[in-house]
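Here's a solo chain for you in structure tokens, the form predicted on its own.
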Amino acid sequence: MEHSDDCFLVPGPVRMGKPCLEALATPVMTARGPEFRDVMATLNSGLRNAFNLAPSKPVRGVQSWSGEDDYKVVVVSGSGTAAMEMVIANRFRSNDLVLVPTNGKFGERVAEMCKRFCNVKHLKYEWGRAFDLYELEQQLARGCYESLLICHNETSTGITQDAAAIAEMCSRHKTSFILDGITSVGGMPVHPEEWNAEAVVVGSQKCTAGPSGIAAIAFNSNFEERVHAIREQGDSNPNYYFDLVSAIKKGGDDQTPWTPAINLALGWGAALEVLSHETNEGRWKRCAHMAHGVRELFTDLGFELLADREQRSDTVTAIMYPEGIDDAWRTRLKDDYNTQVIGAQDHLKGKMFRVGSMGETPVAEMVEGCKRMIACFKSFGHELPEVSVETYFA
């Protein structure tokens, strides 16, 4: 299979497939009638699959948000950041202390959100470096933290945290564990029940290849009980639109408390149907296969990768520019080679580019995109060894 069109290899928002685009074009419907409740039931069931939870029936009126485990899902009419704020604002009181280790932009965003609603111990590691698990163990042993929160897959640096090891520590120290899974759910193994995660957040436009602007939360009974207890004690943070108690009241009836993102829900439901046909394991394998190929290819070409070797992400690869190359390369790649990747953030701007391997991206598109990237580097006079790109993705 060959790919001759544009190559869109950014780590979200990813290209939406035909079923998603067609669903987005559905004529508007009322938000409170049975027709949209059917949409929500389908979406809830698809989300439970994406979150790697027990299945539920995509039928309204039968608790589509829950299954034979301890988790429920709620849909948020907002981005993944909105869903993370909803989790943080409702789960913690202003005097709670939480632990947030970070090694990139989006983990730091989690820490900043927490500062708005509770007290934070922010362990700020170098971008792309793995967490010091011994230090996390020491911190948790103090017994003073209400929760530990991580950005599971840090797309700004191309590193995935060792969630299983962190989950085990949290369980042993009786500390709740919360994940920003915005760029991991649907693209790599995520095990909420196995990790005893209180809450996990996903954004639609990343690994599940849905439209931007809608998100979801999976949470267990302990999380729900704490949210209700804090509210009943009159000790909750101020919120209105992001009131999770209101969302839970409506969730069991396949509804949202406020006007839902109707067409986005339709589009996301269709994208999740595509994921269910591919299967979680199938998508995880394809994303990992593409990421491995990108890593091996660019390493053999002499490029340096930012993230620590043992924890490099399967949905995005962060690659340092060689000497003498900057983001002018990315502009030429887009304009002359019809291929898009994304640049770096903050102090790494102009020093690095990132290649996404998530969503419904086919291997053929990744192969062609890599060929174009190599050609673009050569157009800048950068000498590279001759390689067979296809062999890295065979």
Ligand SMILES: Cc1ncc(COP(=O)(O)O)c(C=O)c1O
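Don't overthink the numbering: it's just position in the shown sequence, from 1. Owing to the predicted nature of the structure, the values given are computational and were not obtained by experimental measurement.
Below, we refer to the form predicted together with this ligand, which is not included among the displayed structures.
Of the candidate stretches 245-253, 231-239, 179-187, 306-314, only 179-187 has residues with heavy atoms within 4.5 Å of this ligand in the model of the complex. Proximity to this ligand in the model of the complex, defined as a heavy atom within 4.5 Å, holds among T160, N220, S77, T81 only for T81. The contact residue chosen from F298, W195, F131, F106 relative to this ligand in the model of the complex is F106, the criterion being a non-hydrogen atom within 4.5 angstroms. Taking non-hydrogen atoms only, K206 approaches this ligand to within 4.5 angstroms in the model of the complex. Contact check for C151: a non-hydrogen atom falls within 4.5 Å of this ligand in the model of the complex. Although the partner is absent from this view, S147 stays clear of this ligand in the model of the complex, with no non-hydrogen atom inside 4.5 angstroms. Within this chain, T155 lines the site of this ligand in the model of the complex, having a heavy atom no more than 4.5 Å away.
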